[in-house]
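Just so you know, structure 1 and structure 2 below are the same protein chain in two forms, each on its own as structure tokens.
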Structure 1
Amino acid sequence: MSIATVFEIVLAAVVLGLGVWTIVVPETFSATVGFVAYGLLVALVWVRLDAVDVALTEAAIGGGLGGVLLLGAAARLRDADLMAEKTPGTLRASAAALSVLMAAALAGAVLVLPDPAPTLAPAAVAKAGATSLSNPVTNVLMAFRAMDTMLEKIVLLLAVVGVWSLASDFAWGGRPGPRHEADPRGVLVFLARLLPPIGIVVGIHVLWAGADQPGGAFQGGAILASMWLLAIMTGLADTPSVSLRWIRLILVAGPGLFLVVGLVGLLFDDAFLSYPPALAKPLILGIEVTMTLTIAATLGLLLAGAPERSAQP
């Protein structure tokens, strides 16, 4: 048995154990921390499966932004721990049984797949030259399932609108979330001054490398959003007023450009989101750059929450 095999067995055991612990632990904060650690370990699993693009997304969302969102929710739901103590044992047993049945159903679905499993990978590889992009994942997201990719970003935009709609009439158009303050001599403030310049460069690199290597708009945008939120959490920056025109333009720029390119393809190539071969790569890169800014702003504002304060500083 090789070292790599031993590592994979240990990793699988730790992931499974951590997943079970996250479900059964009664404290909300402990469950949240367990979920964040679970997301980071799952990212390692994706790396071992040679799915680096998925690993980057899992680390950024499952272990990063998703963890921040859940920690904020846990802080606002302090009474949840008291409610958990009153949960009937039958309800917990039913939830556990349902989880086991779901896991068994998924395992059964995987085991009954034919060998080799049906795949569109050969067709995607055969047509990869049409977009001049070497990264097969980007090819699939921007060509084979471009409609789904565009609609996913529209869903994120609608999610922001939904969060904003939770604001009171007094706070509508104001700044999301509370004004954070941190110890100016603390470690968190030091990291907030040190990491954002590095994170911005890394985010831009991940975006640009996505054409030929693992990366892309979502991963790059998630990194940029993390750096922005770090500055906000330490008080070095404040959340912008949701009534600002430039914020709203950034939020609609990505889906808007995606839609315009799709309509141009419909007019000149008789198919929605059909890229002219000579312009395929520039158009896709233009969409990716714009979507990176939109994703960064969308994720940051989603985590900031509904407007709570006046638009004035």
Structure 2
Amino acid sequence: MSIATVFEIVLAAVVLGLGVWTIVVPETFSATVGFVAYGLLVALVWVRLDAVDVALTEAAIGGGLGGVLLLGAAARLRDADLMAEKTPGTLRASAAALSVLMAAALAGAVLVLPDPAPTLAPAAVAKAGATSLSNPVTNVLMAFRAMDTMLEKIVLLLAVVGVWSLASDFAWGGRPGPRHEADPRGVLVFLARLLPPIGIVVGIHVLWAGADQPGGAFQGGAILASMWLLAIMTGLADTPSVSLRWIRLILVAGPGLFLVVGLVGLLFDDAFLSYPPALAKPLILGIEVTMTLTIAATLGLLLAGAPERSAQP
């Protein structure tokens, strides 16, 4: 057994252990902390699986922003836990038995998958010339399966609509989430002044690198969103009220541009969502830049929550 395999087994065991802890620990707050740690380690697993793009996404969105979301909810819901009754032991035992059965079936099915495995990697590499981007994952996301990516942007937009629809009637059109205040001379405010310039540069770099190396709109957008959130949480910035035209424009810019480019392709080129080879790279990068902005704003607003305060302070 090589050192790499031993490392992988240890990593898998720790990941599993954290997963178990997340499920069984009685306090919800601890479970969220466990989940964040789990998310960071899973990002390592993705690196071991040679999927660095996914590792970045998992770390930024799965573990990072998802963790912030869960932690915030756990803090606000702290007393709600007390209302729940415990599931009876027999039910838990049978659920455990079923889950184990399911795990066995899944593991069995994965282990007997055919060899050599079918793959689209050669096809994706062969067609990469059409877009002149050399990151195959970006190619799949932006060209070959652009439809899924566009629909998923609409999913994000609908999540925003869904979250906003939970506002109480008097707060409609107001600012999402509570107003945060922090000691202006405190260390958090210091961080919030120091970090965003760096974070924004890193976010843009990750977006830009996405054309040829791991990275892209999601990962860059998540970093930008976290910078914005830092400013919001320290009170340096406030969430914009949801009735503002510009914030709505930013939120739909990504899917909107995608749709427009798609329709232009339908009218003047081969097909919906096709790019003329000469313009493919600038077009895709243009969509990606817009999408990064949209993703950053969407993720930030999803974390901020439903409108709670009227627009005037």
Partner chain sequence: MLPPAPALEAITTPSGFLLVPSIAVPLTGVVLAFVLGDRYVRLVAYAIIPLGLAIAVTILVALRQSAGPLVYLLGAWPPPLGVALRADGVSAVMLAATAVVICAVAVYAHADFKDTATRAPFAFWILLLAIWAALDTIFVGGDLFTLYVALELLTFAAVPLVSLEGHPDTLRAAIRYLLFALLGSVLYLLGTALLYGGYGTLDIALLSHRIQAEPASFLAAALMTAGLLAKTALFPLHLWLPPAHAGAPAAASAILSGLVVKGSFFIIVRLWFKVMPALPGLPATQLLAALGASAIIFGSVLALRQQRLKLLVAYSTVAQLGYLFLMFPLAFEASGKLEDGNALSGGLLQAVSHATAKAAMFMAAGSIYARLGHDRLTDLHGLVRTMPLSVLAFALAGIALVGVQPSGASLAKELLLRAAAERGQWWWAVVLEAGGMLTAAYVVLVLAHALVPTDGRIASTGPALHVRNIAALVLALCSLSLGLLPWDSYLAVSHGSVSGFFAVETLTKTLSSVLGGVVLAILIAPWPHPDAYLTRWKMVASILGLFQRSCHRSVGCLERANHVLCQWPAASMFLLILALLFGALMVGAHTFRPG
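Start at 1 and count along the sequence of structure 1; that gives the residue numbers used here. Under this definition, the rigid core comprises the largest set of C-alpha atoms superposing within 1.5 Å between the forms. Every value quoted in this text rests on a predicted model; they were computed, and no experiment measured them.
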Output row: form predicted in complex with its partner chain located in structure 2
Post core alignment: residue 130 C-alpha displaced by 2 Å or more between the two structures: no
Return yes or no for residue 201: a CA shift of at least 2 Å between the two structures, with the rigid core superposed? no
Rigid core fitted, is the C-alpha displacement of residue 96 between the two structures 2 Å or more? yes
Rigid-core-fitted C-alpha displacement of residue 7 between the two structures (angstrom): 2.4
